[in-house]
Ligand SMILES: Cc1cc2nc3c(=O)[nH]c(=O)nc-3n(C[C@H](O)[C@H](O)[C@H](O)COP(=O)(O)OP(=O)(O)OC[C@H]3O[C@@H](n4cnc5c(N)ncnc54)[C@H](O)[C@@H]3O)c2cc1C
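Before any questions on binding or motion, here is one chain by itself as structure tokens, the form predicted on its own.
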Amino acid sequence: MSIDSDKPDDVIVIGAGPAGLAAGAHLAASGGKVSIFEKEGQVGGISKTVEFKGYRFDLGGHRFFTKSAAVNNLWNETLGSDFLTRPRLSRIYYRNKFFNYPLKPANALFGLGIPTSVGLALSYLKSRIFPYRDEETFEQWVSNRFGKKLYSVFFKTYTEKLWGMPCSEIRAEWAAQRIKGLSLTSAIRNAFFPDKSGNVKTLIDSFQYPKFGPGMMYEKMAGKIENLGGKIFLESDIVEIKHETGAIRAVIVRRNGETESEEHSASHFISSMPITDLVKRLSPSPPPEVVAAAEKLSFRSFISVSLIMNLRNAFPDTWVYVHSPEVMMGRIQNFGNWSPHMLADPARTALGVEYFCTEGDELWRMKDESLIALALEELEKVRLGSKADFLDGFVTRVPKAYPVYDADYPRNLLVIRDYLAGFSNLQPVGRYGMFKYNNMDHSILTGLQAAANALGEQHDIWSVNTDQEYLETCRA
């Protein structure tokens, strides 16, 4: 089935991240007229890869792993032999020591010491006998599965760095989405009898990854869309979304920073822009209660300090979680271990030191040279780098990276969802568009399903990443 190509555009897609490009690829392959508008000058969204002096840096780490046959087929068809299988090694840095993750009992026992380990075991048993009756917060959810003491050691500090708020104020839905299927029992069982099925995504020890980083996937995908007749407009900001009688009619686009704007109409609209921005750009403006709900939703941002170090493979990890409270950094990516092709020189190391923040706060406003100095200082504190080895670097700020699951977000999001459902030809997709902490494969699946809906199918894209079965069984 193809879409009606008599319209100026069959579908307009807002945003050229994973979800938007997946939608565009499906639509272009179906013979429809699709236009994708991307605010930035590069495709990929927060999954783009930035090249600097021949080295490649991701905005965070992006594992390619899925249980969806449709997503897996899209990835493999896009990259073919350039889609590599890579080993995973990640550790937790805590109390000046490194702990393997997934758990290895001997490593944890000797790292924490026997008295602490016994205390963790007793705390876990207590949580099984006297669990929290309600699991409304992250703290309650994790404590019920790992014990309160292990929660305090290995979850609390890092999570509060990420969100900038107490774990007692973070909704349990975030834990349910991000560490679904994982408990202390499954982690210990995996330590002795490794699970190769991939049933618990948190424990997988290998993953697929593009030869030159995730940006390669999305650049290739964009190229295929254009080869099939689709159009991709970069540096094109959607400044207004016109609607009437329950349907979106057109978008007003301002391109390349110009003052003049263009109007583009279509039959269907798929949006991966932040849902908060979507509400603000609707014209006429939504009812006051919808605008108020959007204003109450918030995002966390992050800063990636990319460093080139004059040493060969500074440490063996793909990435390290930094749980220690004495440093502000949250994670360290070692891109040569994601793929050796990310390095211009194999005798050097490319690192991404990540800081979680809120857009506009003190860390966000810090000068680039000060952020680089901070990253080098903290690398020395955690013994993973030295100022003397620093060669070059740069800073990337990523706004609105993580939707904040606070106590009020379910009610506010429901108000917005109910209002947007009144538009017959508008579908929000992806992490930004749905205000949902989706993995990359979940975001892509929402894009594919939204495209299929525009072609006449009926998928509930809001059901993606809500049920245990999605992670446990393979679906088309």
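Please read all numbers here as calculations on a predicted model, not as lab measurements. In case it trips you up, residue 1 is the first one in the sequence shown, and so on.
The same protein also exists as the form predicted in complex with this ligand; that form is not shown, yet it is the one meant from here on.
Under a 4.5 angstroms non-hydrogen atom cutoff, this ligand in the model of the complex has A16 among its neighbouring residues. Among residues of the shown chain, I238 is one whose heavy atoms approach this ligand to within 4.5 Å in the model of the complex.
At the 4.5 Å threshold, heavy atoms of Y124 stay clear of this ligand in the model of the complex, well away from it. Within this chain, F302 lines the site of this ligand in the model of the complex, having a heavy atom no more than 4.5 Å away. Only one segment in the set 419 to 427, 406 to 414, 46 to 54, 24 to 32 has residues whose heavy atoms sit within 4.5 Å of this ligand in the model of the complex; it is 46 to 54.
Between this ligand and the residues R331, K161, K148, H243, the one pair within 4.5 Å by heavy atoms in the model of the complex involves R331. Using a 4.5 Å cut-off on any heavy atom, the residues of 373 to 408 that reach this ligand in the model of the complex are, in sequence order, A401, Y402.
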